[in-house]
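Take a look at this single chain, the form predicted alone, given in structure tokens.
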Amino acid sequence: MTFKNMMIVALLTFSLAAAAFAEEPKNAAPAGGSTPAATAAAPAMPAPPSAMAPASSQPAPATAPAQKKAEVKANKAVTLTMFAIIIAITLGVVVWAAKHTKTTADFYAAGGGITGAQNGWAISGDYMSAASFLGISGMISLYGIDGFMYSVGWLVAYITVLLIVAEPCRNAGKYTLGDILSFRTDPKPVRAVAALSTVAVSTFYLTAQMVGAGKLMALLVGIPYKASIIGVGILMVGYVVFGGMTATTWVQIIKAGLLMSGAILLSVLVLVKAGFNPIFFFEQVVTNPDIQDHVSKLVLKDGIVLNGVDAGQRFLEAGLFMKAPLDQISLGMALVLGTAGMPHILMRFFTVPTAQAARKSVIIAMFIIGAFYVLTTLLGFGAAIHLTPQAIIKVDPAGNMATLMLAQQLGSEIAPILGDLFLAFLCSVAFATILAVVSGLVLAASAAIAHDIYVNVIKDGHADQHEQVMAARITSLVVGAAGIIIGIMAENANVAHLVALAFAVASSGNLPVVILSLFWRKFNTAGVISGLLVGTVASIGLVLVSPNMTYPKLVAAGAQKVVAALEAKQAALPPGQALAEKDAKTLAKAKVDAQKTGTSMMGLEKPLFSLKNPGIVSIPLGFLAAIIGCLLFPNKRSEEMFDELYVRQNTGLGMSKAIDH
């Protein structure tokens, strides 16, 4: 057995040992507690992109007309067994891929030998996050059609990718964003700035994924947070260091297949309950008394009271959650344009042999992702019907556990063991989802550092294949280790805004310079640097002074209102009667929060920028800065090289031949 294979086997051993011998967390989340604050996975809607739906701002009803089973706890033995099977399969892929990963092209782009269909599934696996699977369906189960509006942004984003960047980037680039931007500019400063942007985006997204993974495993299986982070970290490092893009691609394909299988199977069970009749299905939504009661309490905060069928119908209309149109437009801009600027998505187009394959991969990904989001809509409404919003909120106010609760209940109705098996399977799928996404992010960040900074800036392009591959592997190891450390440090941090940051930077910094570099003759080095810097700084700066941050005085003001309301409720009770247990806990927490003082991390008492996503401001700033920088410092050479770039991006001339895998 070679040293490389021995190391891979060791990774499997350590990962399984961490899971098998993990102790129960001392402070495990209670059944009625909240899941990790909007994490796991991606956007947030700002998450998706954060992996979970944002926490509910609405109070849970004090009483539910018909409380259903309100707990979700995976069978640890069954779930860990499924985890072990998935890990064993994926590490088997790594062993196979390691034998084929010998050159830089193999490591970064799988030798260009991935077919369009394979790449389409891999893109889907790279893009469909645990946030989408759990967060969006959970949001739909609590806020109806508003949750589906998040899905639209992710799907429409690939139209931008297909029409603008897929084919030109595949033809003009080699491995990274820096390759595309440096083709007709001064390569060293451009590669350095592009690498910084790539690392920033990847770090924001990676941190959210890692924290989500740790919290999700602690909540569902009882594996301690740190053990989960270390286990995920070891696996993602193993996938990337030994298998490179080939292993990462196949892990993403496997994950996409598992995710679609789980979503389809659960959707079929939901449809069976509705007799495969969509009209009857939505009639169930409108006439469900629990949904009606839930909506009546949500709308009550707007000063409008709806009851009965009117309340049920309102669940199928927009506006229960998204009540700030300008913020939604800004978010939509970041999602639709940010995807085309995400480094780990751009890297996928360098893995196919032809421009036709690049286009085909995007089309296939669009169909898979589109079908997936339709299924999440079905699952969200199905959870509202069969679990009730009240029961979902009792387990997790953000609704992130709705899909898993639904799987456990519908499976148990067939046979008790099926409920445990189905829940364990979906937990394993969520775990595989996180592994696939973080592996792609680590590969993108390590490519920016090793290929752009080390090979092309420090070594000035003079590095042999062995040195380049070694640099790539060492960098991947360092990036992965940094991801583990950051994930552990961020255990108690609210990382929901990091997904918004990732998409904001990608849409405001990366996309403007990519588009202008590919399609504007006068674009040059000054334009790239000014666009990247201004777009990145503007998006990060606006998020730091936005409502995404925590403002203690505002928290205290809101808590004081809760205290006043609950104390009034308590005073209205008959003598000797106390508040319900849930209200009593809420009151106790509100009294603590009401004492908070201080400012946000930026020293502010309240937000300076009112929108949660800065896209509507930072994206135009990124384009404007790139254009102004270019016009102020014109460059004759960049203009003269545009014709060569134009021919190359439209024909693929100059691309290296694919390697058959």
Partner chain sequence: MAEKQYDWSAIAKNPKFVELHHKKAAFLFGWWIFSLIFYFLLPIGAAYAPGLFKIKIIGVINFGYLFALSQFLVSWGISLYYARVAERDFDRLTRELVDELHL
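Quantities reported herein were computed from a predicted structural model and do not represent experimental measurements. Numbering follows the first chain given and starts at 1.
Keep in mind the form predicted in complex with its partner chain is missing from the figure; the text below concerns it.
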Taking its partner chain in the model of the complex as the reference, which of Ala559, Leu418, Ile145, Ile486 has a non-hydrogen atom within 4.5 Å? Ile145
So which of Ala482, Val563, Val156, Ile254 reaches within 4.5 angstroms of its partner chain in the model of the complex, heavy atom to heavy atom? Val156
Could you tell me which stretch in 232-240, 586-594, 329-337, 446-454 has residues with non-hydrogen atoms within 4.5 Å of its partner chain in the model of the complex? 329-337
With a 4.5 Å heavy atom cut-off, would you call Asp293 a contact of its partner chain in the model of the complex? no
So in the model of the complex, does any heavy atom of Val152 sit within 4.5 Å of its partner chain? yes
Although its partner chain is absent from this view, report whether Ile515 comes within 4.5 Å of it in the model of the complex, heavy atoms only. yes
Can any non-hydrogen atom of Asp106 be found within 4.5 angstroms of its partner chain in the model of the complex? no
Heavy atom within 4.5 Å of its partner chain in the model of the complex: which residues of 609-644 qualify? Asp643, Glu644
